[in-house]
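Just the one chain here, the form predicted alone, laid out as structure tokens.
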């Protein structure tokens, strides 16, 4: 029966998704990248990348290229910027959004990266690892193509903490689980990342938490609700009546000022190889109401 089990994460093979699903993914990637609070999260970790001299940067799982477009504005003009993704269709959107750009785009396979050892100074994974089945294998590949002492920046959501308020608490928890399980492979990846990084040969230097909550009216999360309105029927996440009821409640709560949705994003900074460092913790004050 539809909705009994979460469908497969559509980000595992976007090119095999129906057009409505693919367009919902592309639209959501671009909408969230333009949101001022979410953009501030990206700008925060982008500021840690050296800009006074050229560096080689790989954005792995680059999607529509929003992060690389930002870096192109901020980094040294001779910086080498490479975006890699498994989806040719999403890369087509990235190319269209970055015409006359110096960014190089690569269609890659999910198993092994097509780059020589120690090819990059900086490697980015922006909302990638929550969609990767074999985290440890990808991190090993990342270590291989990143120079020793190079920087790995991982930004991802703790999807397991994401919630959209519903009148019934028990039902709310069930629906939250079904929704995030349908669009991610590892909803709790951030909680396991320190262990995965260490096992892959990285040294964790710091991490930062970025809570994002909206109360009364929705904005960032309202866009997510509208994306789910398309994904729920397209992916068969919930039975139609249940999906329609969830969407209607979230949209109505925005209209009447009772909206609530929240989640937490994390940034992890790591070095390739052994380094003498102390991991630090910071919490971003960003939230909206």
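Keep in mind that what you see is a predicted model, and the values were worked out from it rather than measured. Residue numbers count along the first chain shown, from 1.
Quick note: we don't show the form predicted in complex with a small molecule, though the next part is all about it.
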- prompt: Which one of these stretches, 246-254, 28-36, 225-233, 46-54, sits within 4.5 Å of the small molecule in the model of the complex when only heavy atoms are counted?
  reply: 28-36
message: Under a 4.5 Å heavy atom criterion, is residue 61 part of the interface with the small molecule in the model of the complex?
response: yes
query: Does residue 132 make contact with the small molecule in the model of the complex, using a 4.5 Å heavy atom cut-off?
result: yes
- prompt: Should residue 214 be counted as a contact of the small molecule in the model of the complex, where contact means heavy atoms within 4.5 Å?
  reply: no
message: Whether residue 73 contacts the small molecule in the model of the complex should be assessed with a 4.5 Å heavy atom distance threshold; does it?
response: no
statement: Residue within 4.5 Å of the small molecule in the model of the complex by heavy atom, from 197, 189, 180, 90, is 90
message: By the heavy atom within 4.5 Å rule, which residue out of 108, 172, 209, 118 makes contact with the small molecule in the model of the complex?
response: 108
message: Check for me whether the small molecule, as it appears in the model of the complex, comes within 4.5 angstroms of all of 14, 86 and 128 - heavy atoms only.
response: yes
